[in-house]
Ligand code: HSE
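Just the one chain here, the form predicted alone, laid out as structure tokens.
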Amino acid sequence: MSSEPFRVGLLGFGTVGSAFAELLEERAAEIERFNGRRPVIGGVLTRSRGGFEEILSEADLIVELIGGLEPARDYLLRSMRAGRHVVTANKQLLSQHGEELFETAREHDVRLRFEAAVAGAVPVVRVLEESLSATPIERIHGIVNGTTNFILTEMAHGASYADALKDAQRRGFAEADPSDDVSGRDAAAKMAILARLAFGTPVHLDDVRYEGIEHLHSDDLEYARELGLGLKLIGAAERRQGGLSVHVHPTFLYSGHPLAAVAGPFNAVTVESEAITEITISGPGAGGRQTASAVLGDVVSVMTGGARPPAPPLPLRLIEDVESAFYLHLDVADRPGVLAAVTQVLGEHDVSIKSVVQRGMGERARLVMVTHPVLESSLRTAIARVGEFDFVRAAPRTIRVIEEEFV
């Protein structure tokens, strides 16, 4: 076996980059023991340190941890065109320029690995690329943002959204500017990547419909508990109507769903197929050392020859209007005939009610319903009509519900 070191060019030395360098040094001897070559940092690029061309010329592999679109995109493309394998944790880059990167990897027969770009230390990318590469996937959905999962867990225990967000920032689970997380954009970028892996279809971040958690109300969680539901920010990519639907929304789950019990800053992804029924993978979704561990796993995979470049795309039509069950919250005046009028309008638009909770009296009554699955467009039309009634005191609120329970 060769004793020549395996040189890693490291682009970026922030929280994840420094954690990766430390982890690589800690585990280098063990990696050499079963791999025959010792990985070492051959050069580091920061704003004030190192030169890209010099690092590239001496590297066997490039690890990109600088984030953002540019110059990260340029560095990765130049690295692959120079015949270097690359590892990245850059979800925004992959979700917006993935096909260009994948095509370049195929053209130059190099490996492009990105386990850390999705779900932190949860190895869902490797499972889809390797273990389930020959399995026809029907749906992949999960909790892929630890920040929002922590906030929703705290809200389920009675905290307000504002207090839960402050706690997440204090603990290091949320950035000073948490907008990408709480708006759902971070999860949408990750679902674009997972959809490409699971279904072979090019999905751009702009193709993913997403909704965040900023508008949620604590009383929605209180009523949901009465209905046996728990709230998560769920990203989903699934075959629908001969096409592919990719979306991110706050979603209620029944207790028998494998994602229902995932709490705090943890991530989890469920993969469904007729061949396997379902499997769920969970683990830490955030943190410098956890992300660095996923990056190092990709480096070792490249050293051992794992995973070829992504296959050429097989486009599926992207579907937006799909069926789902919904939670519906109405603030109404408690007058005779209110419930009958609401259910009549819902019925005219094929919205069937599964359960109802009514609270309050007089001018401060509430109707909370869970529907059976219905096309989202039909529900939106029905809700618009319901909102026109003079007894409705505020805009109706809706949240998706996943009905499946794997027990």
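The term rigid core refers to the most C-alpha atoms you can superpose between the two forms while keeping them within 1.5 Å. Quick caveat: nothing in here was measured; it's all calculated off a predicted structure. The first residue of the shown sequence is 1; numbering continues from there.
FYI, the form predicted in complex with ligand HSE isn't displayed, but the following is about it.
- Comment: ligand HSE is not present in this chain, but in the predicted complex one of 147, 324, 104, 270 has a heavy atom within 4.5 Å of it, namely 147.
- None of 140, 299, 208, 174 but one reaches within 4.5 angstroms of ligand HSE in the predicted complex through a heavy atom, and that residue is 174.
- Although the partner is absent here, residue 235 is not a contact residue: none of its heavy atoms lies within 4.5 angstroms of ligand HSE in the predicted complex.
- In the predicted complex, ligand HSE lies within 4.5 Å of some heavy atom of residue 181.
- Taking the partner from the other structure, ligand HSE in the predicted complex has no heavy atom within 4.5 Å of any heavy atom of residue 247.
- Put simply, residue 113 is far from ligand HSE in the predicted complex: not one heavy atom of it is within 4.5 Å.
- Listed stretches are 275 to 283, 198 to 206, 251 to 259, 166 to 174; the contact stretch with ligand HSE in the predicted complex is 166 to 174, by a heavy atom cutoff of 4.5 Å.
- If you take 188 to 202 and check each residue for a heavy atom within 4.5 Å of ligand HSE in the predicted complex, you get just 190.
- When two forms of a protein are overlaid on their rigid core, residues whose CA moves 2 Å or more are considered shifted, and residue 174 is one of them between the shown form and the other one.
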